[in-house]
Ligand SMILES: NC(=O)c1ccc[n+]([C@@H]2O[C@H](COP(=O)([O-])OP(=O)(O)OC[C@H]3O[C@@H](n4cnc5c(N)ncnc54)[C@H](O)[C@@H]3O)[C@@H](O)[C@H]2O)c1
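There is one chain below, alone, in structure tokens, taken in the form predicted alone.
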Amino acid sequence: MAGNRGVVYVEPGKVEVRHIDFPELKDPSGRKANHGVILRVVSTNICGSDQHMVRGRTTAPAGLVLGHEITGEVVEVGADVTTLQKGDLVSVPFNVACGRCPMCKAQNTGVCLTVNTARPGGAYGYVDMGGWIGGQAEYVMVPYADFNLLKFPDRDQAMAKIRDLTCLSDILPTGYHGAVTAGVGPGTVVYVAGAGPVGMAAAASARLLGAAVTIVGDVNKARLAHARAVGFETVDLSEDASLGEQIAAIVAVPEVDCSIDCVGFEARGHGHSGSQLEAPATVLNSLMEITKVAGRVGIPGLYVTDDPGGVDAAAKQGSLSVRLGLGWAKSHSFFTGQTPVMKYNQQLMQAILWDRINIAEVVNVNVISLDDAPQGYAAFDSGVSKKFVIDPHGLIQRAA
């Protein structure tokens, strides 16, 4: 049997690459999973959601194998799998979903009712999401494979586009979901809060959906510089000018048609002094201020039910000082929750294969080895404008 190594959460601020068990066709309770497959991991990405755990901002236990953004090659097929075979190259939605429950049948795969005994919804390598082993590893098991996996139609074509296709497991559908639920369409003016990878994916998605102008806001000057370099307008939230004033300088009015929160609960305040201080409700409140009456706010940014590092007792329980009265008065619509990746990944795959979206360039994909994963985590946490993609077997480098 082949060996296996994976990225393991050790303690706040520390991950290590360790030898881990080779995956078996079993679910977290130990029951046989003949509906699953084992993948040799081709690419697996470091996500901002992983960083929340590594910073100690969740209840993630030590020893958790990380990684929910996975692309792989099928190397073992369960007896009940009918649509896949060894050698197939596939994208893995980060949602673990059974395909049988009412939520899955309605395409709400982010809240599958059967894959997690604690709450609706499952994910690989994530706290409170069902105990499924993460995919920042050499090999990983994927359950309900016929339902969950997106098979690429041509292996050579896929490997030529692998730097883009690796974004299909989470980041691109998540950004796209944020844009769709915010009501982005042809000719719209869009504001994206956050110039990290999810924010950039949302901006790219807004462009794909026909937005007239997409404005990206952040306090990180390096990330804003990258956003400008790939064609977006920007506002610098470390400056003392208000968000509305900076938007008006671009589009002549201090409001937008649609807004997308790609920051989440570790948000920082605005202005020279505020940008260094955590203010978990500041993004949501600012979006209500600048989104037009009866507009929509898409919220793919992560908010948690338990935050050990919260700024106060309320924040530690996920309770934030949101100005709901303002949103109510302006008849805003809010859309939250995990992205149902399968709702979008087929179409987004085609957009990539037919050069309709250059997502690897927009999020600045940077390929690293599995051994370099800890350094990738540290660099990402420092705020660099890169999306780190782990190449456990060197397949991406060889394809290049």
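Bear in mind the structure is a predicted one, so any value in this text is a computation, not a measurement. Numbers follow the displayed sequence, beginning with 1.
Form predicted in complex with the named molecule: not shown, discussed below.
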Notebook entry, point to check: If contact means any heavy atom within 4.5 Å, which of 319 to 327, 191 to 199, 206 to 214, 77 to 85 contacts the named molecule in the predicted bound form?
Noted result: 191 to 199
Note to self: Quick check on P300: any heavy atom within 4.5 Å of the named molecule in the predicted bound form?
What the structure shows: yes
Check: Taking 4.5 angstroms as the cut-off for heavy atoms, does H52 touch the named molecule in the predicted bound form?
Finding: yes
Margin query: Under a 4.5 Å heavy atom criterion, is I133 part of the interface with the named molecule in the predicted bound form?
Written below: no
Notebook entry, point to check: Heavy atoms within 4.5 Å of the named molecule in the predicted bound form: does Y176 have any?
Noted result: no
Notebook entry, point to check: Considering the named molecule in the predicted bound form, which of T291, N220, N108, Q246 comes within 4.5 Å of it through any heavy atom?
Noted result: N220
Next item on the list: Quick one: from P374, G56, G337, P28, grab the residue that has a heavy atom within 4.5 Å of the named molecule in the predicted bound form.
Entry: G337
Margin query: For a quick test of understanding: in the predicted bound form, does each of C47, R268 and F380 have a heavy atom within 4.5 Å of the named molecule?
Written below: yes
Item checked: Contacts with the named molecule in the predicted bound form - residues in 233 to 248 whose heavy atoms fall within 4.5 Å -> L237
